[in-house]
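Only one chain comes next, encoded as C-alpha cells, the form predicted alone.
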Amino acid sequence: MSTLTFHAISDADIAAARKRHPKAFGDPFVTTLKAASWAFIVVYLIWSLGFFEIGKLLNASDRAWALMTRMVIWQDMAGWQYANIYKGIAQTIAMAFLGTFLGTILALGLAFFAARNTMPVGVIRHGVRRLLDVFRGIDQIVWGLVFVRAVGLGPLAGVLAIFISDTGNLAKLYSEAIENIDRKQVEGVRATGADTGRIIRYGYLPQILPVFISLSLYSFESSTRSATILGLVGAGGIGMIIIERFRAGLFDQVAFVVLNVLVVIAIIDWGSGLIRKRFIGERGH
C-alpha cells in the first residue's frame, strides 16, 4: 500500500483539483472582497470616532461622578412641590391616552382605504399610503416642535404630535393585518347579502380585533414614554418639569421624577398585559 506525500502532488494535480472543486479552495475574488469590506468598516469606524471627541470622556469622569452623587443623595424633600410633579405625570398619561385613542380611531378608518383587498381604486389607496408615510416618516419630536410653534406651549401640542404619529404607524400596521385576513369569512358574510357596513363589522373586524387591541395597547405604552420626551420640547407633561429641574441643577428631584415615571410605565405595562390576556389570551400576550 503506497502512501501519498505532499512531494508527490504536482502543480498540475492542484490545478485539476481546483477546477473540479472550486468552492473547496475559495474564490480569490470573494476573499478579497470580504477583506476589503472589513477594512472599509474598520477605517470608517475609526474615522467616525473623530466626530465625537472621545477624549472628553476621560475628563468628564469627575463631573459624571458628582452628577450621579447628587442624583442619589436627596435633600430638602419637604419643598419638592409634589403636587406639580404628580400633576405633570397625570398630564403625561392623559396626553398619551388621548393622542393614542384619537390616533387609533382614525387609523382604523384609514387602514381600510390603504389595504389592497378593501380599496380596489389604486389612486386612493396609494394616496392614503403616501399620507401615512408622511405621518410616520417624521419623528414625533419634530411633530411636537411643529405643534408647539402652531398652538403654543402646553399639552395640546403633545396630544396632536402623538395623534399624528400614532395614526401613521397604526394605520400602516392595521392595513397589513386587513390584507392578511381569511377571506372565506368575508365571502361568507357577503353571500348573505349583507351591505358594506355589515361585511366590515362581521367579516373583517372579528379577525383584526386581536391585532387592533394588541397594537393599540403597545402604542399607548410607547406614547407614555414619548410624552415624557415631548415635554422637553415644550409640549407639556412631566417632561417640562424634568427639564426645569435639570436646568436649575436639582438633580435629586430629577431622579425622583424619573423613578416615578418608571413606576407609572411599569403599572401601564402590567395593566396592558392583563387586558391582552383577557381579550386575546396567552398567545397574544
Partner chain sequence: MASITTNGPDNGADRDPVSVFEGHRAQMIRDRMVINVTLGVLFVAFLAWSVWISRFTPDRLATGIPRIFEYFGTVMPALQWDVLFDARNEAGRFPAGSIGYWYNDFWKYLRLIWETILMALTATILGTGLAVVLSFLAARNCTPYPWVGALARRFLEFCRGVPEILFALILVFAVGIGPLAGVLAITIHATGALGKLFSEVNENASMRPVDGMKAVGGSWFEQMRYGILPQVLPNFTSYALWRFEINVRASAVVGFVGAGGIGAELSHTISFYSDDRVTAVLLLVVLTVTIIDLLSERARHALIGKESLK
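Positions refer to the first chain, counted from 1. Rigid core (definition): largest C-alpha set, two forms, superposition within 1.5 Å. Please read these numbers as outputs of a predicted model, since none were measured by experiment.
Omitted from view is the form predicted together with its partner chain, to which the following refers.
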## Note on the structure
its partner chain in the predicted bound form has a heavy atom of only one listed residue within 4.5 Å, and of L173, V128, L98, A194 that residue is L98
## Note on the structure
Among L108, V189, I208, L156, just one has a heavy atom within 4.5 Å of its partner chain in the predicted bound form, namely L156
### Summary
For its partner chain in the predicted bound form, the stretch among 195 to 203, 157 to 165, 76 to 84, 117 to 125 with residues bearing a heavy atom within 4.5 Å is 157 to 165
### Query
Given that the partner is absent here, does T228 sit within 4.5 Å of its partner chain in the predicted bound form, heavy atoms only?
yes
#### Entry: Heavy atom of E53 within 4.5 Å of its partner chain in the predicted bound form
yes
### Query
Could you tell me if I241 has a non-hydrogen atom within 4.5 Å of its partner chain in the predicted bound form?
no
#### Entry: is_contact(I93, its partner chain) in the predicted bound form, heavy atom dist at most 4.5 Å
yes
### Summary
Across 47 to 84, the residues having a non-hydrogen atom within 4.5 Å of its partner chain in the predicted bound form turn out to be W47, S48, L49, F51, F52, E53, I54, K56, L57, A60, R63, A64, L67, M71
### Message
Using a rigid core superposition, assess whether V43 undergoes a CA shift of 2 Å or more between this form and the one not shown.
### Response
yes
### Message
For V258, does the CA position differ by 2 Å or more between this form and the one not shown when the superposition is done on the rigid core?
### Response
no
